[in-house]
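Shown here is one chain on its own, the form predicted alone, set out as structure tokens.
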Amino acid sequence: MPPALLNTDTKLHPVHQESGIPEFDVFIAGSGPIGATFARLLVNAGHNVIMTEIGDQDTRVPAAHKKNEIEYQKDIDRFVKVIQGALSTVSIPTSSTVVPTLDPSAWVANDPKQMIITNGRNTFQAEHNNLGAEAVTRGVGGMSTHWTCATPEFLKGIERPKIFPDSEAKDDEEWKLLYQAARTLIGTSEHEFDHSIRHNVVLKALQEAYPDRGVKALPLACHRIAEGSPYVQWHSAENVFEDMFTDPNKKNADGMKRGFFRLLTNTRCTRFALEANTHPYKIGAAEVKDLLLDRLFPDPSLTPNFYIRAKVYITAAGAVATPQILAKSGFGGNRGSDGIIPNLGTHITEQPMTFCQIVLRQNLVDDIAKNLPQKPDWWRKAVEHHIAAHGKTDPLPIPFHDPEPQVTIPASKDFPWHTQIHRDAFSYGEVGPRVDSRVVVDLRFFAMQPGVRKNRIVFEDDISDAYGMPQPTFEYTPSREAALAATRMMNDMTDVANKLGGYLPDSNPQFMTPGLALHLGGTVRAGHGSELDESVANYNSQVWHFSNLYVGGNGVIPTPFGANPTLTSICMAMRSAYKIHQDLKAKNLTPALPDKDVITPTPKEWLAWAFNKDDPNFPNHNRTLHRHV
């Protein structure tokens, strides 16, 4: 597929006329936390930003976390259905038309070897090397509308990319700055469950069992609504956008009014068009389609396409859709074609994952109500009040609204996997009425798979997905080393589980379907100039050989990782936003060229808003409790 070139017959999107802006400073595809990070930093620096989202706004407040609804805070297992409904599986192999138990008089294919290809099944996808559970969320806020909010930092030396590989001190300083600012932006805390009885029971049991492994509270992007409240406000892309939808005239610390910002929902970013097929490459426009107009046209192919013009273009649409848009642009990633981005979709990383659920041991539960005078005052009061009110009918001494445990054993070089030991909602692991949820603990362990060229995602020219984009096909096989590490991880998980309790029926230790972690990485991986043969972009997230094309999200991370990647992806976006800001300010779009790959530290001044509570742009996560106008 040749690169797309500007077509003068394509009309400009009406947003240009409505806004009075003939050319925006920045175009962003994707409204998740990473797209929101780019938008917030650039808009607050005075730049005009237009953003598209292929899905709709399905929360009252744009990009809000759906778990904040009171019905799910009261019953976490009901949220499982919400997650399942929000996920769309990426690649489903074809299936047999033969149904042995079907009524013999019902329709069957004349050729029993023919396969069912409807409902988005992928004729190119093999079963043996698929990421069968890899899924995407289309909607304002992306997966942050239902994620766990776990925001750990990456382990240095294994997970954490080396922005400055020649200077350990310089690299440490850069990541320290970026992580501090990212935690402030998304609102990470390790103390919101300090007054949870169950949390402390699990934490203490594991700290005593593993005194040398740094057992601690799981870092989470959330805040407790009030001291002593059972309810938590879970953070999402809403917290990154903050007041961008409601206060367009806000000024930053320098007195500069923020730039124009507009989010176009139900708008597919189809592809990018080059101004000319000359090197270095420059994007001239983003071709978009208003998917709601499809309802007005009997033939979807006739739905009008529009161009959006900007100086800089960012794709932050997720680890699947980001390379998908670039593949649709004819830049690479298609079967049998290298294109001008030859490593697009190669070297993907994935997390082999183990899971089980346990019911807390009798002695751990019994200890909750023993020696109450020696327990913290808040603990003693909560248990005494619960026993006084419900002791005759409730066999457990755990208050009904006691917050869940949120514990982790951090990854280390000896134990290179991420752990989440908690009680939360995923697309699996529902407890239901089988046992009291207060004594159930989930264990989720995530291993690492380094990126290798043969592990890739290919975008098919011959078939499309449900949204009219090239169908993704996975070709993924764990390496022998990663497979052995996963076995070690399983053994570790069962050891940890046995320290806490007995297995819940139907939730014994198991390996989960590949892709279920939903942390696909490496699809548009970053690298240095010396790593041109295995990377898509530099460490400013600027695509090689382009002057105005950038990528964002988990796909940019080139290293294997077991931890949740969102915090690190926000860090990468912050770096990238600074480079974009500098180019726009200088009116000079410098291309990413491997022989001139100059990577500089991020100035603290760029992120000053994150370290000064008096700064107008210091994140105020409490404001998201209020209804947006």
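Throughout, we count residues from 1 along the sequence that is shown. These numbers come from a predicted model, not from an experiment.
One more form of this protein should be noted, the form predicted together with a small molecule, which is absent from this view; the next part is about it.
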item	value
Option from 238-246, 311-319, 540-548, 401-409 whose residues, in the predicted complex, bring a heavy atom within 4.5 Å of the small molecule	311-319
Close approach of I83 to the small molecule in the predicted complex, 4.5 Å, heavy atom	yes
M143 within 4.5 Å of the small molecule in the predicted complex, heavy atoms	yes
Proximity of I54 to the small molecule in the predicted complex, heavy atoms at 4.5 Å	yes
In the predicted complex, A39 touching the small molecule (heavy atom, 4.5 Å)	no
Three-residue site T148, C269 and N564 fully in contact with the small molecule in the predicted complex at 4.5 Å by heavy atom	yes
Single option in A273, L500, I368, L87 placed near the small molecule in the predicted complex, where near means a heavy atom within 4.5 Å	L87
Heavy atom within 4.5 Å of the small molecule in the predicted complex - residue from G139, G339, P161, P397	G139
